[in-house]
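Encoded as structure tokens, the following chain is the form predicted alone, with no partner shown.
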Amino acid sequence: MRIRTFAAAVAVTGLALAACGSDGGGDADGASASSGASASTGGRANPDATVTIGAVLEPTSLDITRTSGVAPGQILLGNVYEGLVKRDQKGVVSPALATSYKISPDGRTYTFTLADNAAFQDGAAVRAADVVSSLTKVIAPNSTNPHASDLASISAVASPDPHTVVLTLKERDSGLLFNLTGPAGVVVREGATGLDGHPDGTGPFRFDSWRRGDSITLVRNDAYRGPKAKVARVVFRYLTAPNAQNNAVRTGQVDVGVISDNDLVEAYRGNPKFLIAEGTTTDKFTLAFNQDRGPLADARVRHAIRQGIDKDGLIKVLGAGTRIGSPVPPLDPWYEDLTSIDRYDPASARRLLAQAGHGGGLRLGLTIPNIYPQSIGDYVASQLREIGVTVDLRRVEFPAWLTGVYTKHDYDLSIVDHAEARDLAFYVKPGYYFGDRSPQASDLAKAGATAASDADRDTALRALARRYSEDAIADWLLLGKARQVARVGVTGYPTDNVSATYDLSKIEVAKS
């Protein structure tokens, strides 16, 4: 499942991790750092430092192979666990546990050469058998991995020798390498158990402890084959209330923190003790429509709802965000500005509702996880009231949202942050909680996945995104903006696209 499982940060960034970087160290006025900044402490870093990060939503499990949502992967992926390949903030794929790979001319065979010195936390060498076991479990018919669809194109995994892994595909898959960088592609030891409470990976950090309801601690893996992490310990401390986050940052209880109130963030500007960092994200705050019951099966009702919500007004209320008009953020190669579709037009919205037989009014439920700012749901309900739609707003804990909305499809409208990059084809997945049921959409998704070139892929997926918007399968309220606050002296944090992966290895803390 590609849904962000944590609260919106600083007007809808949604960061579960409080992240910060600076552009060459920032200035003394707490000015915003540039996107992607990763400052160095200039040789004055403290390798024994502990960094405490104010996080929002605690994972329900640390078993990345069985747990939905991006929260476990955000903490563990690339830090504790690795795959054959990895990706950077911009989505560029490079080798990880594999030192190199080759793709056959027909695009159906991928051959990976494994690193000689990769090891698990206890020093046991990573074997080809571990890779084969990990990926075979994902693609098995009875797979319990919630990300199994990412690797659905793989028909077989084999190791012709101890240093080689070969993936055979059913058909060409233009997204396979990218998907292998996600949770579906992590390599765990063959026969490993107990991953819920004790992850065992190969990355630059080792899992240390989990105080449920309070914090998760990672420590540097000094046996890591690559560059060593620059701090000894990272603690993720869970603080769900915005005021609690703000107080923790102000008082130094956490070194970096996420604060969901824009006014609170702006209060740090000009304070020489703190930096504000900004970056872009793939956080698509999505208003889902349940097309399988009631009036939302009628496209006119869905278009009316989209036209009845002023997204610019919502962004102003929240203090940050960008209109996108589709589920594709600008970071994805097939992005197209579709904000002209279903522009804000309350008069047209009322006419569409009347044409659909709801001129006298309509009542719908709206379910939203309580990890998001209350103002998002209140704003949408207020806007829809103006066009004759009465909204029964229901705020629930995120696990309840997963059960009721995502799994049981028991909802009319729902708002959630879809955080993962390149998740466009997910909306044609059978049984998904919302999506485009048309054969044409499935054909476009398949054309994108099996394209022989990036240009052909981008053309197909651009057309798919347009179809989603023109069919009003959902509404995309805004794209979140990453804004975080950290104390001066803590540097090295990524600032872009930090929802699903968050590289901790470059964090530095200046010596006092």
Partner chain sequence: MLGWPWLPEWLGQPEWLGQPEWPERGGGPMAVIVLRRLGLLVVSLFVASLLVFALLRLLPGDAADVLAGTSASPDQVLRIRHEIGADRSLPAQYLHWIGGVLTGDFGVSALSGASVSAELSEKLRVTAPLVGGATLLALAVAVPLGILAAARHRRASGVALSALSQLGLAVPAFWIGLMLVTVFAVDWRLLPAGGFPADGWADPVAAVRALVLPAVTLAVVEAAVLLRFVRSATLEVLHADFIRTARSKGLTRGQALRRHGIRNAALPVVSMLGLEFATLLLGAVVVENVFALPGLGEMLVADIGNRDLVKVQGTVLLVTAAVLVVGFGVDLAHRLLDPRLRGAR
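Predicted, not measured: the structure shown is a model, and the values here were computed from it. Positions refer to the first chain, counted from 1.
The same protein has a further form, the form predicted in complex with the partner chain, not shown here; the description that follows concerns it.
Every residue in the set Pro141, Arg211 and Thr407 has a non-hydrogen atom no more than 4.5 Å from the partner chain in the predicted complex. For the candidate set Ser438, Thr390, Thr99, Asn243, a heavy atom within 4.5 Å of the partner chain in the predicted complex is found for exactly one residue, namely Asn243. For the residues Asp292, Glu190, Glu171, Glu397, the 4.5 Å heavy atom test against the partner chain in the predicted complex is passed only by Glu397. For the chain shown alone, Phe207 is not a contact residue for the partner chain in the predicted complex, no non-hydrogen atom being within 4.5 angstroms. Although the partner is absent from this view, Thr251 contacts the partner chain in the predicted complex, with a non-hydrogen atom inside 4.5 angstroms.
Leu364 falls outside the set of residues with a heavy atom inside 4.5 Å of the partner chain in the predicted complex.
For the chain shown alone, Trp401 is a contact residue for the partner chain in the predicted complex, at least one non-hydrogen atom being within 4.5 angstroms. Stretch 418-426 is the contacting one of 332-340, 111-119, 418-426, 345-353, since its residues have non-hydrogen atoms within 4.5 Å of the partner chain in the predicted complex. Taking the partner chain as positioned in the predicted complex, the residues of 132-165 that bring a heavy atom within 4.5 Å of it are, in sequence order, Pro141, Asn142, Ser143, Thr144, Asn145, Pro146, His147, Ala148, Ser149.
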